[in-house]
Ligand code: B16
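Have a look below at one chain only, the form predicted alone, in structure tokens format.
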Amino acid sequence: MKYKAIIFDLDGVICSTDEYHYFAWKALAEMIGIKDFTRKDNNLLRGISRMDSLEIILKKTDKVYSDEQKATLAEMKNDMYKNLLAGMSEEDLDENVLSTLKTLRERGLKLAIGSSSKNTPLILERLGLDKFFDAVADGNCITHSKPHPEVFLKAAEFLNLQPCNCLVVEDAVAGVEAAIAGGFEAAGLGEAGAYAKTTYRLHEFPDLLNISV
């Protein structure tokens, strides 16, 4: 068996929270006078940490913010985001995703999460997956966001496996770059699926079952 584990990004792979992020970031941008925050801008933030995302957004304004002010802005965005997440439930977990995860486990694979989000525990709890995965590496245990490979390396470490034994599943180019930098192969959905460096291109989540893992 080529792989012993699969490490999944969370947002955009296991579930979709892009809209929640978009509405929260847009609200914050408008609060500080940025009126032209678009879905295209939001797409640039996928797979990137909260503070790094804020830095990208602040490039749209000439105003200079102190580190303390930036921390406050990031926390305000997170509060708005968590309020939106409060409406998430197990019904937001696609049945095809859950059945695929269960089949992969039945095949003897370990399953892990590798996400830059500090809200990973909350999201997994809302989806009913808080006790499902063998390991969870997230924004609460890393200092570098993707495309740095730290979160995937942490997940492999928690699984007691080498990167070559783990397949990463991503939907963002930054995530694929992080996987490659860490010595992992990657399966891609959406944007990541169209990326030339992606090892396996998936049209939909259940396509994972067609990979000879």
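Just count from 1 along the sequence shown to find any residue number. Just so you know, these numbers come straight off a predicted model, no measurement behind them.
The protein also exists as the form predicted in complex with this ligand; that form is not presented, and the subsequent description refers to it.
The candidate spot formed by 4, 100 and 110 is out of contact with this ligand in the predicted bound form: none of the three has a heavy atom within 4.5 Å. This ligand in the predicted bound form comes within 4.5 Å of no heavy atom belonging to residue 202. Contact check for residue 180: no non-hydrogen atom falls within 4.5 Å of this ligand in the predicted bound form. For residue 81, a non-hydrogen atom is located within 4.5 Å of this ligand in the predicted bound form, even though that partner is not displayed. Put simply, residue 105 is far from this ligand in the predicted bound form: not one heavy atom of it is within 4.5 Å. Per the 4.5 Å heavy atom criterion, this ligand in the predicted bound form is contacted by stretch 45-53, the sole one of 58-66, 27-35, 156-164, 45-53.
Residues of 2-18 placing a heavy atom within 4.5 Å of this ligand in the predicted bound form, in sequence order: 9, 10, 11.
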